[in-house]
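Just the one chain here, the form predicted alone, laid out as structure tokens.
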Amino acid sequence: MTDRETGEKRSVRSALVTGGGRGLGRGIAEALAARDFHVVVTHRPGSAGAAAVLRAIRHRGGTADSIPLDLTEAAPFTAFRERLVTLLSDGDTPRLDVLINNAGVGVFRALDELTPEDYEESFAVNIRGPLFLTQALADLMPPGASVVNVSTQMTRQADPTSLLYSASKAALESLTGTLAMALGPRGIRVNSIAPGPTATDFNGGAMRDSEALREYISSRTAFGRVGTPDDIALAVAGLLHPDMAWITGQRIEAAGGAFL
């Protein structure tokens, strides 16, 4: 791969982070760039959020690109794959070392308020998208590559307003195990990371902006605080370390001991 600033060829690992323009995705993208990955982040078409991430990564000496991606579309990811291959090849054989299926949508409503449209969006983004994106990109991944699916601690908690979110993420965790079996013969690891309460802009920034909510959850957490994007990003980076090469098909909860 050619460094855009120096024009020199660099042998670097590459990572794709979906939903990398903000929140956990941005934290993960920046953590991987700091570990010398060339990072490609996806963002919703028309969103300018990825631009700030690219600037931050490049300012620190890393390399990054972005591609728009709409996970709600039922069409195959053929055009997206072609764009990614163009970015990753640069005269070499295209290679994707890490796929982070981070993009997600959360619908938090009571049972009698849910709609079929809520269902379609939740399962399109949270489970159908990761499944078929992994399918489309698996042949770009060499032995030793990793897929990380971002789930949630809420798959093991019962909350009357998280019906679709918890169910779709539970499906993603189940998919993690079956993908690990499907891709294991190729030497590709697949794991899921399940963040606990984290202060981001997810769900309208409820955790980030509500001091009362943070205080309540902090009182139920071993470390006495809610998580930050860096907490999750570092957990993902740790899971990708070569020393973790024997770990696959697992759900790793990164929650700081919340609601034990």
Ligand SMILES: NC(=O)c1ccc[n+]([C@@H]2O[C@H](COP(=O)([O-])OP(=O)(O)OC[C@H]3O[C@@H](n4cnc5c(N)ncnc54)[C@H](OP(=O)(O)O)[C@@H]3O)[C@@H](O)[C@H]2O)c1
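Numbers follow the displayed sequence, beginning with 1. Every value quoted in this text rests on a predicted model; they were computed, and no experiment measured them.
Note that the form predicted together with the named molecule isn't included here; everything after this is about it.
Heavy atoms of Leu69 reach within 4.5 Å of the named molecule in the predicted complex, making it an interface residue. Though the partner is left out of this view, Asn191 does not reach within 4.5 Å of the named molecule in the predicted complex, counting heavy atoms only. Contact check for Val147: no non-hydrogen atom falls within 4.5 Å of the named molecule in the predicted complex. The named molecule is not drawn, but in the predicted complex it has a heavy atom within 4.5 Å of Leu24.
The listed set Leu163, Leu87, Val125, Leu96 contains one residue whose heavy atoms approach the named molecule in the predicted complex to within 4.5 Å, identified as Val125. Of the listed positions (Ala138, Val105, Ala180, Leu131), a single one reaches within 4.5 angstroms of the named molecule by any non-hydrogen atom in the predicted complex, namely Val105. For the named molecule in the predicted complex, the listed stretch (32 to 40, 216 to 224, 191 to 199, 53 to 61) containing residues with heavy atoms inside 4.5 Å is 191 to 199. If you take 166 to 180 and check each residue for a heavy atom within 4.5 Å of the named molecule in the predicted complex, you get just Lys169.
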